[in-house]
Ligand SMILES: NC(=O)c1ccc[n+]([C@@H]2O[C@H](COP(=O)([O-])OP(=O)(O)OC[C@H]3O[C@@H](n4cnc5c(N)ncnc54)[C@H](OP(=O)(O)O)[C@@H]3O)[C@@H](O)[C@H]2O)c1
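Okay, here we've got a single chain as structure tokens, the form predicted alone, with questions on binding and movement later.
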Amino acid sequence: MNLNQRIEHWLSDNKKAFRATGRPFVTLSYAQSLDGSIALRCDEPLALSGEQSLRLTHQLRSIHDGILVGIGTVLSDDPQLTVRHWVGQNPQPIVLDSQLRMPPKARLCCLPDKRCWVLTTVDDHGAVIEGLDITALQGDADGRVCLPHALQLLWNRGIKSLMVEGGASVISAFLSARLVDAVVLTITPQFVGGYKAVKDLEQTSRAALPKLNPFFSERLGDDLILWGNISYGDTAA
């Protein structure tokens, strides 16, 4: 069994064992440099994945019901969030966009088989962007889309497994809220000195920090793939 098959079987077993109700199983997956950078700057994307790890990313997309990014990723990368380097179904694309900044000409607005779901805090019943399904949700204390409410909505809409790809604000928010269940991380052997994937997680003790337990690693082409389950430690420590 090769690495792609092992990771797919591992994720399948984890999804079957998932016991939380009312929200999807969440896999966090993205590519970073050795120093934790995911871009040169927050508005300047950088292609990091090698050919083989890019295929793995698209394989992971194909085995999740939904794929989620933040509006920052849309504005900087203009992604499609489809399966192109693997054979499989496209996941449901979802964008967190608290202030409804989604560009009408974004590629997510003209997908051939799905309408992108945009979750926002802007309660404007007249907001219409062709190709999008816009839903207003409760905001959190910082004015962003409340993640527990968002995940409950996705669960109710049939999304039982969700792949979260970024960007940094979304990655950090999911980790801070303890809503990540598994991680598949691509690490490229470069130092970038750029925009980091993880921001302040607002934890004051090492014991409370999220970690992979257990975790596994293997080289894939020129990249290192690190994967495992998330453990959130003892918040009282």
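Computed from a predicted model, the values in this text were never measured in an experiment. One rule holds for the numbers: they count along the sequence shown, beginning at 1.
Note that the form predicted in complex with this ligand isn't included here; everything after this is about it.
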Identify, from the list 134, 137, 147, 106, the residue with a heavy atom within 4.5 Å of this ligand in the predicted bound form. 147
Heavy atom within 4.5 Å of this ligand in the predicted bound form: which of 190, 203, 52, 169? 169
Kindly indicate whether 31, 76 and 98 are, all three, within 4.5 angstroms of this ligand in the predicted bound form, using heavy atoms. yes
Looking at the partner-bound form in the predicted bound form, is residue 35 within 4.5 Å of this ligand by any heavy atom? no
Indicate whether residue 72 is a 4.5 Å heavy atom neighbour of this ligand in the predicted bound form. yes
Are any of the heavy atoms in residue 42 no more than 4.5 Å from a heavy atom of this ligand in the predicted bound form? yes
Does any part of residue 173 reach within 4.5 Å of this ligand in the predicted bound form? Heavy atoms only, please. yes
